[in-house]
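As a starting point, one isolated chain is supplied in structure tokens, in the form predicted on its own.
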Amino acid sequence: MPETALNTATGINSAELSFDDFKKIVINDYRIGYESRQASLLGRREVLTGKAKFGIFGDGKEVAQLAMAKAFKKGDWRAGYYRDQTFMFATGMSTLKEFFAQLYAHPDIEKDPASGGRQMNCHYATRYVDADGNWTNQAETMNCSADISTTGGHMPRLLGLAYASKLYRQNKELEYLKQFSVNGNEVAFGTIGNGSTSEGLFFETFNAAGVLQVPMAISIWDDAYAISVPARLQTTKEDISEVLRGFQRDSKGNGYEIFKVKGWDYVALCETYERAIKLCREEHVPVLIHVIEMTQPQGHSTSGSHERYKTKERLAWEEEHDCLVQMRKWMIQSAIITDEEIDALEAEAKKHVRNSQKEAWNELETEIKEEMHQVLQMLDAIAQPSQHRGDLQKLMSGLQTCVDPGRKDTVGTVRKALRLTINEPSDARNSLVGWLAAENDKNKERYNSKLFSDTPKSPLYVPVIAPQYTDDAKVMDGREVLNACFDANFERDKSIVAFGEDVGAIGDVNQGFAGLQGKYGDLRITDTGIREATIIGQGMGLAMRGLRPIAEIQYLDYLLYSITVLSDDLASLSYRTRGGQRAPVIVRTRGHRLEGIWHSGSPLGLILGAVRGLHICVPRNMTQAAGMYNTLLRGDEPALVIECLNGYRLKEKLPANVGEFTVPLGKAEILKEGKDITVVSYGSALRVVMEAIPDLEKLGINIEVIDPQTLYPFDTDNICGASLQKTNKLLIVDEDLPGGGSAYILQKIIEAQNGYYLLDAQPQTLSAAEHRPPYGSDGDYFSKPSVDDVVEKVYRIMHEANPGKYPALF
């Protein structure tokens, strides 16, 4: 492959177009760009006048996005950030009316298909999952993965979207998945601001894509600032493409093609994108398009003004080099359009934008005012006979005079009225109570639904199949049971892939995938570099494109290096698109007891707080883990599976249906029945509890042991609460820090399952010390729950309840 330098575009190839056709294309581009600019200007005014809460826009970036849109085809994917409104308009993936509906947070997916009012404006997504959980045909649509506000947080997902094209092109076994790809010809387009290229996620993604050689096209919108911070404080040499020059491909190996082009030069931009994306699409070479000399006319957002930190000279330069000003000038000079014609075009564009804004606002306002009118009528009926008539009339007046009322104003008024009239029962009041209950149900759907997919394809609905054992079932290491499970699933479903550090050649550090790369090939079972964040992003992008990835993080302690992608992006995906997108990736890892500070972690409190939107599976052994994998691989929701690090070489029986039996999510299991005290634990700590049973029986204590199996969902059949009806005492044993996973479990049992009313003694927890466990067996003994700790903790609870029968130990 010949060495190439940084590419600088200089012209556009219009040889195949008549001049009239060329004019029409350019004029239409300018119209889209100008409408987008007017939407930005009007959107800012709507925020500053109070109709919208916050605004962030793509002004100054219009012309580059028009050029990028020309290269974007059906089947392609976007993973960008909140400056890309012009691109979305130009591709038809969004409209002006939808832009304003999102600005006003209209909670209706028909009005705001991207998020149903859940995301602030310019956070885009296309819907590729229907209400029944079926995929749309992604090969026939333009596709936009759901934006997040963290400006570099989408980059790992971009890698996965591009990597899917590589697998669809190179793995012929995937040809049956025609609704997701056409021979892997799809390009994943990513955008990022120059400031965000300072983030680790950008560099990790950039390197990984260069290694994998995937069709990924990154556009950097460079306006020389990141909010108020100039490039000289952000980037070495103040030029990110210069920093990345070492990634330029040459005759020695793989790499990138790197282009640099000015953001106000329409002709150069069109030619650059045509060349760059053609190369990316056909040769699967990642490309970087560094778009410099961009502007941001309204500053970063509606929360501030860029006049505070930009010099007068810079502001004057930006006014002159505004991309639409330059495009307008070039069009007139090139006889594409006259002054009068472009003035008329701009006037019509302003009118169209204003009409779109009015329609979007009126549709939301009409809904809210109809609800308000219903409430006012009911309040009037309550107020007439009420002794609180004056106060109720004040509430009604306040609601009637509210400027730009929202649903919170109407519902808040109703709640206050019901508190005032608590001692005044009537049919009118009952009607208001009924209205509030119905509205609460609607608002729960509007604002709180779809944390998970909740479709018929959810793993919660996967049929339960028990493990079957023959009389001569083999007894083997737990790791071998897992290996057999993975082998059976890879044979059954060609869309399953697995990857992570050391997963391929050696079959993972604990041999769960031993021998499987040789059997199924390195496209399906793949080694990666040490790059936890992009391992998760790689899995997320693949899962969005119809594949079934198992993304491995080598140890639970290292999950922290991917927590931003897990929390900001994957966990929130279903919620922030109101079920319009999904990514059923399985994150496989191992944790709990072993040795040392970074190989024995159990930070479940952190995980439970950070990744709501993933199922959290904590199997006690490898057979249970295998059943969970079988369940998850047949469902449509993401999950984290934490295997017991010290359990791989413990002996287990091999089920005859190792690839078929399923463990249901959210179903707790009673491992030992007892009458004196309920002990709830999971993972490796559960084994410690079971080992304590003989010593406790010698002391005359009969414990009931419950394994929740999954922490999210937790014990949906209330097994723990039912146990407390019998024992009236509760102990949680957990390897997390005090107040971590144990606090979560307590809340579920004591509050959600009403366990508080069943207790005869204070509920207790037994957890690890407040520091990470030191190295060595002694360190483990003195910092994590031991058998002695369990025995003595249980005994103290029994002593407190009945000191006569259980005298103090010491």
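Residue numbers here begin at 1 and follow the sequence given. All figures in this text were calculated on a predicted structure; none of them were measured in a lab.
Omitted from view is the form predicted together with a small molecule, to which the following refers.
- Partner proximity in the predicted complex, defined as non-hydrogen atoms within 4.5 angstroms of the small molecule, places exactly one of 365 to 373, 614 to 622, 217 to 225, 488 to 496 at the interface: 217 to 225.
- Highlighted residues 81, 193 and 296: every one comes within 4.5 Å of the small molecule in the predicted complex, counting any heavy atom.
- Here is the short version: of 119, 151, 574, 413, the single residue with a heavy atom within 4.5 Å of the small molecule in the predicted complex is 151.
- Among 300, 599, 457, 328, the residue placing a heavy atom within 4.5 Å of the small molecule in the predicted complex is 300.
- Proximity of residue 199 to the small molecule in the predicted complex falls within the 4.5 Å heavy atom cutoff.
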